[in-house]
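Only one chain is shown below, in structure tokens, and it's the form predicted alone.
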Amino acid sequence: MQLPDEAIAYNYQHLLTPALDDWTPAAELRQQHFLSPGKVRDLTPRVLQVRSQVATERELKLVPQELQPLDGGFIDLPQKLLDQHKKQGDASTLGRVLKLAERMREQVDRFVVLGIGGSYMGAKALFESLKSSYHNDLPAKDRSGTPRIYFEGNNADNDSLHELFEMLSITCVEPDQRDERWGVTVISKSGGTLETAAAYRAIRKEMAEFYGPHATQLKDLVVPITGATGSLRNLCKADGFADENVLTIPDDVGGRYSVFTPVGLLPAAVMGLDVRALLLGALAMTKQFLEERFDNNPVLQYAAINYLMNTECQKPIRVLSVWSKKLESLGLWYDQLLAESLGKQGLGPTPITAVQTRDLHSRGQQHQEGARDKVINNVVVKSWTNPPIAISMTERNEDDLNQYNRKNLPDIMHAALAGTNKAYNDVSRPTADIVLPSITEHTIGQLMQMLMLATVVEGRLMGVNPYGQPGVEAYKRNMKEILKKTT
């Protein structure tokens, strides 16, 4: 288990209704829009029962029809990967990921991640939260030799892909020079996702033109990540990829739960992140989920509170308000996780990501005085990675900042958070805080596992299967039929 100063926490007490001493209009609003502590107490036995159900589901060998699909393999995956690596070393899944990532770092200066949805959003969240915001602009020596990272294949956007190729053609001229070589990972469990498949076909053509149609780099600098079967797996075999150069997504892990499979770990390792710390953070959260009582269990607390805010307080809009711009892509990853998992049978909260303090100047007005249909979960960072930037005294004080002498940007952020929570509380707008000690591989591993586990628990509370995405498949079928008819 992690040390207390490494653990993340969920503080929800200020969205609970206080004891009603005297009636006032404000007290009446709080009774209507905040959550009764009794409701939380009443739900707790059911939440613990659901935890037992989820724990049992992950051990099932034969899955009953009513639970299908059941993609709960992500729960035990961090432990399995770490144990396997300890026993098998380079032959393990994690060992192969690290070895292939090392090859990419040694041989290329640009690395393209092709994937859509869960096949890229977790990796992008890791990149933006844990690497420099200006990573791709830094010289190689200041990137510790790690490649620049680009994300494509997540849209059918002709101009975006064309501009990637244009950038590569301008900056990469000599394939014999490491600083001008580029590599790719293509990620698709089935291989049938049209946007990614089309981008990969175009990328293969560009690589053949740059390296030569029979160059070894066409296999050495491409890492496919796919299911055990499917069209991408078949294409890899037809192209002559060695088995050890193709990474496998486990059958029992769905795309939006796949960040701790090679889908997220390979790009993370190429970026130079500590993937073991990521897995250890996720493992610590899983242990806390399975072993700790409700009052020390952020997974159960988050699932229960947000479920009740939706069903009892009529708050169907769920805002993940991240108090660091580096966490925006993590919020977008959670948007997909929540929407695809729980948006079924006419049910499910609608997720929104807000970045603070930026969005206080856009959505803040609506959150303060708009429709009372939201619960806001702040993601708060206690300690920043870099030294605080201070507000210093100057002779010119037309900006009136001398009054804040010796304050710094973290002070401003803290004051903005406290001021915003107070403003919302004063008008009975419920908020809660997910508190990260800092932004590290270990804490991000905890947070992502917490949100995945809480989504599963909430789905079971709702009576909705948190796995599978039948609604997404409808658009795919229609798109392919329309394309066939118009050719």
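Start at 1 and count along the sequence shown; that's the residue number. Just so we're clear, the structure is a prediction, and the values are computed from it rather than from any experiment.
Just so it is clear, the following notes concern the form predicted in complex with 5-phosphoarabinonic acid (PA5), a form of the same protein that is not shown.
So which stretch, 354 to 362, 252 to 260, 169 to 177, 314 to 322, is the one near 5-phosphoarabinonic acid (PA5) in the predicted bound form (non-hydrogen atoms, 4.5 Å)?
Only one stretch passes the 4.5 Å heavy-atom test: 252 to 260.
Quick one: from Pro298, Gly118, Gly264, Gly72, grab the residue that has a heavy atom within 4.5 Å of 5-phosphoarabinonic acid (PA5) in the predicted bound form.
In short, Gly118.
So which of Thr394, Gln366, Ser190, Asn408 reaches within 4.5 angstroms of 5-phosphoarabinonic acid (PA5) in the predicted bound form, heavy atom to heavy atom?
After the contact test, the surviving option is Ser190.
Any chance Gln336 has a heavy atom within 4.5 Å of 5-phosphoarabinonic acid (PA5) in the predicted bound form?
Heavy-atom contact with 5-phosphoarabinonic acid (PA5) at 4.5 Å: present for Gln336.
Would you please decide whether Gln469 lies within 4.5 angstroms of 5-phosphoarabinonic acid (PA5) in the predicted bound form, comparing each non-hydrogen atom pair?
Yes, Gln469 lies within 4.5 Å of 5-phosphoarabinonic acid (PA5) in the predicted bound form.
Glu340: heavy atom within 4.5 Å of 5-phosphoarabinonic acid (PA5) in the predicted bound form?
Yes, Glu340 is a contact residue.
Interface membership of His14, 5-phosphoarabinonic acid (PA5) in the predicted bound form, 4.5 Å heavy atom rule:
No, His14 sits far enough from 5-phosphoarabinonic acid (PA5) in the predicted bound form that none of its heavy atoms falls within 4.5 Å.
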